[in-house]
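Given next, in structure tokens, is a single chain: the form predicted on its own.
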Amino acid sequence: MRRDNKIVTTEEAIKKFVLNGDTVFLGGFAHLYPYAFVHEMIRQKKENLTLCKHSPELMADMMIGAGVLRKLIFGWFGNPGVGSSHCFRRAVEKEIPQALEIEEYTHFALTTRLKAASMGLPFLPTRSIIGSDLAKYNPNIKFMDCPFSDEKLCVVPAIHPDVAFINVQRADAFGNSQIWGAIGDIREGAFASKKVIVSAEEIVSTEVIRRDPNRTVIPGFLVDVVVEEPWGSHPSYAMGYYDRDNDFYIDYGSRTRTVEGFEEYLNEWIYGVDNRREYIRKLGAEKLLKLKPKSFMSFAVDYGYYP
């Protein structure tokens, strides 16, 4: 890594910042899922990780099937376009490839845990979960009476992941990271985590970042390293850069119904390529062009200043 910036490769980021046994947070909600980081963690055969993610999508299914995860802290598991996540089911029902510990919340309650950590608080109250039976199975979910109204509230503890992996549309070399579209729990996860690793669809100049400051969701001082990784969210999408690859999702769901099918998938799309650049070349130009969106630019905003 050069002294004057924070740019590294995905391979370097995973090797340096992910230790076996770590708790990792993966950003993204609907789009901007950090698939490039997930594939590299599998490729480097990380072990005994705990994943914190309210909607872990197929990222977690891949990590479970590859034997990377020992525990999942989550809000909902599955994918509307695919249905059941087969590696997850095999791990929970049959301990294949190994037993998986699960800790379940609502989406909002898990984000509240991250929010508490990001604010430096030991816990936060929420109305989420009240009325459900999640507290029967999760000892981290507790209740209290509001000291002002006597209303019954749920309380959840702060969680501080060891490392957050976040994909963004653009960042500068110092980690100032911009997002547009759904942000989800990216901001809370970044501020809650001990280390923050960013991948960007493109690295731009700091001047570009400064000219649109309201899109800077993660400030550079929070970021340990940044990677330029085009198509880093495929098969999910990055608003303005490429669409969701629904065919890829459906193919994954079909192939991973069996252990053998999942192993074939790993060998083809993760172990069979050395890095994300080879993965993208393997997708092919026709696929990439098909996923490119039509341009729909926002109107200019004048951030004029007074010299």
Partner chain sequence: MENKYSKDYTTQELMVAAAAREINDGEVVFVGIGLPVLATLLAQRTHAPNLVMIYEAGVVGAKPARLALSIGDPTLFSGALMALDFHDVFAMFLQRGLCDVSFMSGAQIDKYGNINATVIGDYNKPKVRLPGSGGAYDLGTSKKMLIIARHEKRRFVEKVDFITTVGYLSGRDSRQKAGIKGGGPSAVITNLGILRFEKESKEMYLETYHPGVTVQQVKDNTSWNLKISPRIFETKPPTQEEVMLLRNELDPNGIFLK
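Numbering follows the first chain given and starts at 1. Only a predicted model underlies this, so the values are computations on that prediction, with no experimental measurement involved.
Another form, the form predicted together with its partner chain, is not on view; read the next lines as being about it.
Only one of Ala200, Ile218, Cys87, Val163 lies close to its partner chain in the predicted complex, with a heavy atom inside 4.5 Å, and it is Ile218. Contact annotation: of the candidates Ile73, Val227, Val223, Ala192, the single residue with a non-hydrogen atom within 4.5 angstroms of its partner chain in the predicted complex is Ala192.
Contact check for Asp243: a heavy atom falls within 4.5 Å of its partner chain in the predicted complex.
Heavy atoms of Arg276 never reach within 4.5 Å of its partner chain in the predicted complex, leaving it off the interface. At a distance threshold of 4.5 angstroms between non-hydrogen atoms, Ile129 is in contact with its partner chain in the predicted complex. In the predicted complex, none of the heavy atoms of Ala173 sits within 4.5 Å of a heavy atom of its partner chain. Here the chain stands by itself, but in the predicted complex one stretch of 59-67, 244-252, 267-275, 41-49, 244-252, has heavy atoms within 4.5 Å of its partner chain. In sequence order, Asn176, Gly181, Ala182, Ile183, Gly184, Asp185, Arg187, Glu188, Phe191, Ala192, Ser193 are the residues of 175-201 having a heavy atom within 4.5 Å of its partner chain in the predicted complex; the partner itself is omitted from this view.
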